[in-house]
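Only one chain is shown below, in structure tokens, and it's the form predicted alone.
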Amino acid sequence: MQTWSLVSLCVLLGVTVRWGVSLNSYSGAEKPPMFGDYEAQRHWQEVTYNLPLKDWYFNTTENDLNYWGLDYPPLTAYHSLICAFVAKKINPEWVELHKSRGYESEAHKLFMRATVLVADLLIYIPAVVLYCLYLTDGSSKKKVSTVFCFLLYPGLILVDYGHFQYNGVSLGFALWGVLALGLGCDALGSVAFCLALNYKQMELYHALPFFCYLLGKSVKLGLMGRGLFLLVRIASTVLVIFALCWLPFLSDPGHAMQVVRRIFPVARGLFEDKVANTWCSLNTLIKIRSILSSDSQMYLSFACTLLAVLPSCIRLLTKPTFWQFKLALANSSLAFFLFSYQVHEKSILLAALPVCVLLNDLPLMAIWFLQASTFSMLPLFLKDGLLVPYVVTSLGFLFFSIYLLSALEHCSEEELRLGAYHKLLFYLPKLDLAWIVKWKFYISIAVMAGLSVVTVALEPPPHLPDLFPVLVSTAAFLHFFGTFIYFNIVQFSEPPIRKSQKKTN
């Protein structure tokens, strides 16, 4: 009972932080002609409410796709429609097609903020609580601390409540999938992940680990017995969920293809803005987009992504344990973020979720990465007027997570899984790797703080207007690439022996 009381307090504090951030500002406020992502979400509501389903993804006289046209899978559109029905009941002006373009009022801001919070309360937050209570090791105090730190992650809060999106829905469904697989409910896990994928197509970052884990488990059980039954059940579940989500669009193949074209807009290019991935960082030295054709860029990114993700997935396929699954989720999402085509800076949230899942197992490394992922979106937050929420939530997360999870006290080589590094560096004298990691963490935090201050306080040179965003994205890229190497090495090391793992596996 005491544990659940503390969890309720953590949830209440998490909700308070979310609501506090949402009161600050939102993307595109009073900035015509597009008015930012807040307007995109509002516009999708009026499109889905006022137009027939067959027109949702097509460019028509009533639906100008150049003005925030729908570019997410059907489940996002259905969610927008549900919100629109509620909005229509409260005030028809909020979803009045064409006339309401750029609509802003205090009542509508309150409504839109509430829709994000309700979605989190229904989907994301329960998944976080149940995962931390049932699938993490340690005392009740440590589990409650993990819940609090998980919910306090600044990146997701700032993007969903400040920049204004519903990433908590897709990430929440994905986390329900992780929770179900961890508890041995493979079919339910498949259902949850299919819902995540049908809400946001970027959940493909997590698709290969789900596939390899379930396939590896089926093979291990025997493809002539229980394994075959499990494989058929999962495949049937996936087909049914996809069919239900896409049913209104399947009567006309051309309609379904138009939805696919909208959700995979390859014409946008290799990357957007100053994103902390390989291609953007490399582009500061070698102008890839000028040297290579669009097709060549696409093939190159596909090949690099596949090569980066294969070792982790093959390892998971041959050793389908829940520990390997969690690490593969982190490695796959980081591989996609670092090397795939058309990456947005907000896509780092897809890597942040599996790292949050590892908060209890590898606290220092997880906290380090999560702090860097928030820092990587600094230019976006400044554009949206979120400087104060960025500073407050980042400092709050850093302090509470290090204190509550005792991250700096429990960072021996064994706890950091650094044993494999000695084998790789056998030709060097024996180093105190734990001490090195700890000091690299201090230096990293200082660099992120320094770049944040410089970006806010100084004007860039006239001939280098993008200097500070480039420095931020490059510094974040180095963090992400280092984390990617670290998690891959950990995945190929010996797993920790824990009671919960024996029970789960």
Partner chain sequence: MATVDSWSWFPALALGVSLLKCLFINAYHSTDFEVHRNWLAVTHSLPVSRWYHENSSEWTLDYPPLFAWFELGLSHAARHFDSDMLQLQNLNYVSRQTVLFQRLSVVFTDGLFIYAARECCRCVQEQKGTRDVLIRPSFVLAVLLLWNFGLLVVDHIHFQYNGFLFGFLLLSLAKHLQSRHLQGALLFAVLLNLKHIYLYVAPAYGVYLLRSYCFTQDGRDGSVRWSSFSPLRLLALGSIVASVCALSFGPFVYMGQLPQVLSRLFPFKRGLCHAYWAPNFWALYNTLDKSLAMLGVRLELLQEAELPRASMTGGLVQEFQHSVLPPVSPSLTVTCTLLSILPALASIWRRPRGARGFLRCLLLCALGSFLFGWHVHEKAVLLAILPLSILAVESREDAGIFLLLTTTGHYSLFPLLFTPAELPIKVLLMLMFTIYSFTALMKLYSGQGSLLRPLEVVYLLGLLAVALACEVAFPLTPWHQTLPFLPLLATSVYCSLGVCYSFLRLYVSLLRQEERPKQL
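What you see is a predicted model; the values in this text were computed from it and never measured. Numbering follows the first chain given and starts at 1.
Unshown form predicted in complex with the partner chain; subsequent notes refer to it.
Note on the interface: of 167-175, 381-389, 186-194, 269-277, the segment with non-hydrogen atoms within 4.5 angstroms of the partner chain in the predicted bound form is 381-389.
Mapping the unseen interface onto this chain, residue 406 counts among the residues with a heavy atom inside 4.5 Å of the partner chain in the predicted bound form. The partner chain is not shown here, and in the predicted bound form it never comes within 4.5 Å of any heavy atom of residue 490. Shown alone here, residue 396 lies within 4.5 Å of the partner chain in the predicted bound form, counting heavy atoms only. Proximity of residue 226 to the partner chain in the predicted bound form: non-hydrogen atoms within 4.5 Å are absent; the residue sits far from the partner.
Scanning 97, 133, 433, 110 against the partner chain in the predicted bound form with a 4.5 Å heavy atom cut-off leaves one residue, 110. For the residues 78, 85, 400, 299, the 4.5 Å heavy atom test against the partner chain in the predicted bound form is passed only by 400.
Each of 4, 24 and 141 places at least one heavy atom within 4.5 Å of the partner chain in the predicted bound form. In the predicted bound form, the residues of 12-27 lying within 4.5 Å of the partner chain by at least one heavy atom are, in order, 12, 13, 15, 16, 17, 19, 20, 21, 23, 24.
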